[in-house]
Each structure stands twice: as C-alpha cells, then as structure tokens.
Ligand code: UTP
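This document starts with one chain, in the form predicted on its own, laid out as structure tokens.
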C-alpha cells in the first residue's frame, strides 16, 4: 500500500491533490481504505484520463459527428439470416454449431457490470424477477439455457461437453452476483465452469477535469463500459483460462436480453462456416428513427453508427422493395474467436474510442456534506464492446427475428418500452407460439377453448399464459412429443417434472 507521502506525490503529478482535502478528518481505518484505492491509480493514466474527459465533454454536442457521407450498408455476402435462409442451410449451421459445442470449443461471456439504476433497483440486473409464473430471474433463465444446449450437444454427439460461462462484473456487481449464485446452487451448473471477473473502474471527472469525491475518503468511480472487456480479459487472465479449456469461439452478450440464445448453435455455426473472426447479431430496425445503433461500413471499415450520427434522410433511405437500407440494428450480441480477442487485448484495446457520458454524480462539497445533484455535473468515460469490429479480418452480420431473440430490460414499469412488463410479454408470447406450433390447445379458467393466435401486439398479453422451462426446450425443439393434442389450462408452466408426465405412455 502507498504511504501518504507517496499518494500525495502521485496526485500532484496528476494535478489532483484536492482529493486529500479531508485527510485530517479521517480515522486510521478510513485512511487505509483511501490509500488502498489511491494505490490502484497510475498517475500518468489518471492525468491522461482527466484531461481527455474534460476535452471530450467540451467537444460533445447533441448532434454528434455526422458519418452519413462515408457510410454504406454491410454487403449481402457478409450477412446471414434466420428468416431469409432455407431450412437445409439453417440445419447445416446448427449442426456445425452443435459440433463445436460438443467438442468443448465454445464459451459464453456475459457483460454484467452495470447496475439496475434505470430499472429502479439497487442490485445487479441479472437478479431481477420480471414476474414470470415460475418466478425465475434473468440469471436463472440464462443458466438453464446453458444446461440445455450442453444436453442437446451431448445427445447429438454422444459425448459430455461443457460450455463455460464467463461473467464480467464490476465493483458494484461482483459481490452480490457471487452471493446470489452461491445461494442458488449456481442454478445446477458446476461452479468451476462459472468464472466471474471484474472490469476496471475509472474515476468520474468534473467538467474542469477534476476527480469527483463520492465520500471524504472515496473517489466516485464508474465501470469503464462494456468495451472494458478487452482490458479485463488481460487483467484477470481470462484468455489463459479459455486456452486451457480449449475454447476457440466466444459468444458475448448483455445481461438484460430475456430472449438471448446463449451459445446459439445456428449463429456459431454460421460464423465458423464463414471463417469469421468477429460477428454481430442484428435485428431489422422497427422504424427509421428507432434509437438503436446501425451495423454498417464507414470508409470501408465495419462499425456501429449511433442513431444520433445519422441524418433523418439517411435513416429513411429504402431499397426498391421498401426495406430500409440501414436496417441492421445492433443488439450487443457478438461472436469472437479467442485468437481475435487475444489480438485485440494485446494490440488494440488501447486504441478503442472513449465515449462521453454526462451524468449526475453524487459528491461531497467543500464542507464534506453529500450532495445529490439535480442536473449533470460529471463525466463518465466508457468504451463500447462493438468498437473492435474495425480490427476484424473477416466480419459477418447475422440477422435474427426481434420477436424471437431480442427484448431488453432497461427501464422500470411506466416507461413505454423495455420494461419488466414488455420483456415478460415477449417471453410468454414466444412460449405460447411454441406450444401452439407443437399442437397444444389452451383452455381458459372455465375450461373453454381459447382461439389460437400466433401474433399478438407487443402491448398486450398473449391469448394464454404459457411458460416453458429452458431445461425442457432450448428454442422450441422437442415440444411436439410433449404437447401435441394436449389441452392445457392457462396459466400453464411446463417444467421438467410435468413434461415427463405429459409424454405418451408415461
């Protein structure tokens, strides 16, 4: 640990000695805690960070840089599609993906460093219960999908395989996430195959380039964005762990998407068959001005262009058939080879663009009183996971159906989109479709038949409430054996136990 004199010298070198102004008021224990935090800050990096944050904030405007004139959509030969491919092609990709999983070459990596602030909770978003009949949290749903895809690979290839689950947390989310998994027995997974690691925290900075104090002995820190993944892979020896396990392909995703297909065999099979080192799942934009980034090329280089960087006339461009030219909406769902991650971590992570987020950052004033600002007062710098597309030698995009694979949880109920209610409806509507397609019939509480309806509006519940455990079906497969010609009373929960009882001759 640093001495007080060493800490002072470091802070002087970075122009940040103001953070020690309450030193004489601290207890011995508080001083030790503060020195431990300060010892983790490199003075040169700190100086660069504070200067860059202040400069970036002064340049920031609501418009953002316009990239329209340099843009072009992803070429058709580099796009795969669930909806535009024939069944035989999809089966080939699925078989390839299942083979890679069966041979222990596939891992999943969860980005879970953010807090549930917008959701209105004080715990990690993965612990959230959206109100499903089963009461399952996002973490449990995802853990069970991993178990099921392992089981499918085992059955198809006659061998026992493992899909390791790497979970990138932050200072805010590591301890509660570890505790939650332990309390729930890792949801049936082997704890040795659930690897949690922390991303870096970086100081929040005022508009004049000064570190913000959160307490008298604590700097206001924030995760360095999901693009902090590449530094964290090195800091925590994660790539070495992957190499020891024989992992060659990594599926990276965000915690908040309730419909995510972890280790999706079709996506992995498509990327592997194309020889890609980097891939992105995309969904068709719902409308031209939808606030999602667009996967495209800028000056021949693949990247995500934020909606704020697009002029309306560019966003509204359409092909002769009526489809949007820039329709590939980014959903933070990516494929990487381990070799590509290694190259980015070793050569390129320092080149990633720093994005500015202007935030309300609680701070202590000159008297040492805690202030919760009513307007933005600080700068948090973050990197984005998708900013590595530019370094790819073979990039591909893969289009999936939004209603089947993308429904993020971001806001508390009351907001128009991406709430507990909307994601619950998305999952239940999907499971209802699966059940009807498998030949099930639904009855209401009085035993009267419910008219089947495969399409429902996003703002209403499906005709019947049906939840299917991922341990029974990963993505709708195998349900005809269990549900064909069965009459089910809504609400209906299909789990491993009652699935066995519904099988013929059971």
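Predicted, not measured: the structure shown is a model, and the values here were computed from it. Residue numbers count along the first chain shown, from 1.
Although it is not shown, the form predicted in complex with uridine 5'-triphosphate (UTP) is what the next lines describe.
Student: Which is the contacting stretch out of 180-188, 321-329, 287-295, 247-255, given heavy atoms within 4.5 Å of uridine 5'-triphosphate (UTP) in the predicted complex?
Tutor: Result for this chain: 247-255.
Student: Any chance residue 113 has a heavy atom within 4.5 Å of uridine 5'-triphosphate (UTP) in the predicted complex?
Tutor: Judged by the heavy-atom cut-off of 4.5 Å, residue 113 is in contact with uridine 5'-triphosphate (UTP) in the predicted complex.
Student: Give a yes/no on whether residue 224 approaches uridine 5'-triphosphate (UTP) to within 4.5 Å in the predicted complex, heavy atoms considered.
Tutor: Within the cut-off, so yes.
Student: At 4.5 Å between heavy atoms, is residue 351 in contact with uridine 5'-triphosphate (UTP) in the predicted complex?
Tutor: Residue 351: no, not in contact with uridine 5'-triphosphate (UTP) in the predicted complex.
Student: So in the predicted complex, is uridine 5'-triphosphate (UTP) close enough to residue 215 to count as touching (4.5 Å, heavy atoms)?
Tutor: Although uridine 5'-triphosphate (UTP) is absent here, residue 215 would stay clear of it in the predicted complex, with no heavy atoms inside 4.5 Å.
Student: Have a look at 117, 129, 192, 308 for me and say which one sits with a heavy atom within 4.5 Å of uridine 5'-triphosphate (UTP) in the predicted complex.
Tutor: If I apply the 4.5 Å criterion carefully, the residue I get is 117.
Student: Uridine 5'-triphosphate (UTP) isn't shown here, but in the predicted complex which of 210, 410, 231, 156 has a heavy atom within 4.5 Å of it?
Tutor: Here the answer is residue option 410.
Student: Taking uridine 5'-triphosphate (UTP) as it sits in the predicted complex, which residues of 153-176 have a non-hydrogen atom within 4.5 Å of it? Please list them.
Tutor: Going through 153-176 in order - heavy atoms within 4.5 Å of uridine 5'-triphosphate (UTP) in the predicted complex - there is one hit, 168.
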